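Starting off, we have a lone chain in the form predicted on its own, written out as structure tokens.
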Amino acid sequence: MSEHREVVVSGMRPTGRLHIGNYWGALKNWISLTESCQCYFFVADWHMLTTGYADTGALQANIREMVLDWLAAGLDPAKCVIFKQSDVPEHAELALLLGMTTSLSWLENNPTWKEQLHELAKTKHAQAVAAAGPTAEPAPAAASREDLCTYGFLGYPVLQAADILLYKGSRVPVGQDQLPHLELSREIARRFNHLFGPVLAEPKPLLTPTPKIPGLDGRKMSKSYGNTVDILESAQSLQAKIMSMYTDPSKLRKDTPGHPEPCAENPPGCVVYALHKLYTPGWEKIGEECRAGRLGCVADKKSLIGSMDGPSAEFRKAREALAAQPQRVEVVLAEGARQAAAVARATMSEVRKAMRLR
């Protein structure tokens, strides 16, 4: 690859098969970046442990499913490096060394960490209440929160910085809400370079369009909410999910004017309309018809099924072909680890020398 290409680094936590929010929010952009940048995309299995350390039974299966989805969606290992984080131990070594110089206050004041801790505590509390049943005494949210007050969870931005800096990533694809994460990585790199010399590149954000993909119920699409549309939905399950989507509770009949966009009358907006914007050419006309009371919700949903059926069928076909190759994922990850490790070893040689460790 050309020396003048931007180096892009990004990863995903392996939580199983991907949903369309993962595809439109990250994976689609990854695929386009491989045409112009030197890209390293990794399975963030160590990052999964920061919140999912108590249950790793499905980890290896989830890794395989996620990588198969990457490949089926069009991420080409001939155009980028695809590997598993834990296959390159230099990630852990660099994280350890960076942790020696990272201020504790940087981690404790990370707004994203505070928000994630709060949200995860609420989710765990809700799950505990649901499991206990309506007559049981709910467990306090604080007890769930303490499960996440770990060294690994607090320090995950240091590992995240190591993931990027190890490959001297010059660009990191992020949304606006992820800028505080990246700025912390830049701070960590700056402090290291101030103490030991200019070894690590300061990664810059590559702000990418990340459309907000609502789930079936109008909330953010998330596996924790159980409101996702998987990219591997069968034709039958896709139809069932689309027909159950949240639209506009005030639109009781076809001739009632609708509110497809988020507004006071329909704060979440219509999920069906949001997906039309991604899958249906001429989606603006659908909005006009809905607002004018000329399009009913059932007909609208059937139209979306028609728009999504083709891309969904193509993905299923590609996924089935890949799944029929038993060692495909293992081969891709092994080759990717080989390529990634060569770069990682070179960087760590520079780091150790700068820190007088050799």
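The structure presented is a predicted model; accordingly, all values stated were derived computationally and were not measured. Residue numbers here begin at 1 and follow the sequence given.
Beyond what is shown, the protein has a form predicted in complex with a small molecule; the following relates to that form.
- Checking 213-221, 168-176, 271-279, 69-77 against the small molecule in the predicted complex, the stretch whose residues place heavy atoms within 4.5 Å of it is 168-176.
- Contact annotation: A344 falls outside 4.5 Å of the small molecule in the predicted complex, judged by heavy atom distances.
- Interface membership of Y156, defined by any non-hydrogen atom within 4.5 Å of the small molecule in the predicted complex, is confirmed.
- For the chain shown alone, H47 is a contact residue for the small molecule in the predicted complex, at least one non-hydrogen atom being within 4.5 angstroms.
- Residue contact with the small molecule in the predicted complex: D248 places no heavy atom within 4.5 Å of it.
- Think of it this way: in the predicted complex, the small molecule has a heavy atom of just one of A95, A189, V88, I164 within 4.5 Å, and the residue is I164.
- In the predicted complex, no residue of the candidate spot (Q239, K302 and S307) has a heavy atom lying within 4.5 Å of the small molecule.
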